[in-house]
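This document opens with one chain alone, in structure tokens, the form predicted on its own.
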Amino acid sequence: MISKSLFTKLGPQSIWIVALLFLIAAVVPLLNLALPESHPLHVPSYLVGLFGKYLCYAMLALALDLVWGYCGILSLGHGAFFALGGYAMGMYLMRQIGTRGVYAHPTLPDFMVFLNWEELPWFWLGFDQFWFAALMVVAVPGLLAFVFGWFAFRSRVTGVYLSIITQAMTYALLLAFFRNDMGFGGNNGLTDFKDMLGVSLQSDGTRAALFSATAVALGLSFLLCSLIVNSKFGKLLVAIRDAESRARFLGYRVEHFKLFAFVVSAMIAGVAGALYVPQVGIINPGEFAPANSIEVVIWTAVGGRGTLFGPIFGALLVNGGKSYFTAAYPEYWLFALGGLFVLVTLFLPKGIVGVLSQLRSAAQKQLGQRASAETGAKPEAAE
């Protein structure tokens, strides 16, 4: 009964997308671990890590689509939530190094020993436990989003002004995390990770497990977002996006709905950052760069905002193109990215997935009209 209700609420398309992500989570690691390198279907370990990184980016784009595509909040600071989740996981991984570091200190990371720190800062306490780090991965971005959103939405800051403020927030965090006395590694950030949950991060099995975890997390995030946008709450989010003043006139506390969506989106971005760090092997203040948040907007726009699947497709497409062009034509990549964004803005305002959906709807409507015309013509022929 519950599964039938869930299927009805989500729709078959969403169910198929989630099932596909779960299938990918099982098949790709199997092709990597079970098949020999000489086999034509073998997936190399470096590709497993690369695809895992793409899926993290797809989760970040999905998080942005929840607030931009369905609530009209164009955030240019979602890279900050992604980076905070990454730093929370990086702090846990640094605590796992222990005496295997360059300076062999039992509790202090190498950069703290190098900077003559005498004891571990209070905000590093607890990160030797995975459960605490996992809690901080969602709590820290969620808390920042709650505080920021509480003041911004209650003050009715909207449009381009809200976008500028979110970009200012991530730039302020960039400058703060660059400082050595902040206790987060300064410009170099956190790196040289050894293991996670007692398992080496360099092993093929760990890379495959992280890929599977990322694909499953993306599927669950897509499921959560689908449940939100297909509910009455989601319909109200769309109403706020299209006519916020009218929603206020009807008596809805608009700021509460926007705040909830913003916090959930930030938490999803934090989880994406936490899964990104062990697969890439480093987290530094560069992840806070405003340009990173702008790239997420481009992924979402290219795929199609307000579609959930579109941002996932856009993130995979753009980052796949980035990997190719930066290797083959590195000097032209930024021009290609800018041109792509201009092209989509002018000619594909609904993105690739949105346009394809429109074409499919138009084709179905045309077929329906043709079928109605044929059935209407048959009685006349009979007479």
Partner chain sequence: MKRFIRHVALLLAFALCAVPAAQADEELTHLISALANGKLKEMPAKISALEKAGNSKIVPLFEALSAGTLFYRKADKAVFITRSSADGITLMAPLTLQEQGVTTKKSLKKIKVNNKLRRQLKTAIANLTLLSPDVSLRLSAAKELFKSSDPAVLPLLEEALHQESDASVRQAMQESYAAMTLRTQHASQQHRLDAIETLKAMGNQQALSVLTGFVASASEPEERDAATSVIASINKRLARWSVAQNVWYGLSLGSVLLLAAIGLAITFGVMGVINMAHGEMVMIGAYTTFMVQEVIRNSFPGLFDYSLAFALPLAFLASGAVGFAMERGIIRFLYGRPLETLLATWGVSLMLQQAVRTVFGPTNKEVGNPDWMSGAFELGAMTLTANRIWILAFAFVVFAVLLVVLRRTQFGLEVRAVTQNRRMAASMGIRTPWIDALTFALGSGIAGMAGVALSQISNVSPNLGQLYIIDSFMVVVFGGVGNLWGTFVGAMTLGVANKFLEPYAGAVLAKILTLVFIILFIQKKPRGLFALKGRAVDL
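Positions refer to the first chain, counted from 1. The structure presented is a predicted model; accordingly, all values stated were derived computationally and were not measured.
Another form, the form predicted in complex with its partner chain, is not on view; read the next lines as being about it.
A.B. asks: Looking at 38-46, 345-353, 22-30, 312-320, which one sits within 4.5 Å of its partner chain in the model of the complex if you count heavy atoms only?
C.D. replies: Contact-bearing stretch, as computed: 345-353.
A.B. asks: Decide yes or no: are P109, V113 and N188 jointly within 4.5 Å of its partner chain in the model of the complex, with each residue judged by its heavy atoms?
C.D. replies: No residue of the spot touches its partner chain in the model of the complex.
A.B. asks: Using a 4.5 Å heavy atom cut-off, state whether L143 contacts its partner chain in the model of the complex.
C.D. replies: Contact check for L143: no, nothing within 4.5 Å of its partner chain in the model of the complex.
A.B. asks: Spell out, yes or no, whether the shortest heavy atom distance between G98 and its partner chain in the model of the complex is within 4.5 Å.
C.D. replies: Although its partner chain is absent here, G98 would stay clear of it in the model of the complex, with no heavy atoms inside 4.5 Å.
A.B. asks: Just checking whether P290 would be counted as a contact of its partner chain in the model of the complex - the rule being heavy atoms within 4.5 angstroms.
C.D. replies: Flag for P290 set to yes.
A.B. asks: Since only the chain is shown here, I'm wondering whether W124 would be in contact with its partner chain in the model of the complex (any heavy atom pair within 4.5 Å).
C.D. replies: No.
A.B. asks: Could you spot which one of V199, V102, L135, I164 gets a heavy atom to within 4.5 Å of its partner chain in the model of the complex?
C.D. replies: Result of the distance check: I164.
A.B. asks: Judged by heavy atom distances of 4.5 Å or less, which residues of 301-332 approach its partner chain in the model of the complex?
C.D. replies: Residues within 4.5 Å: R305, E331.
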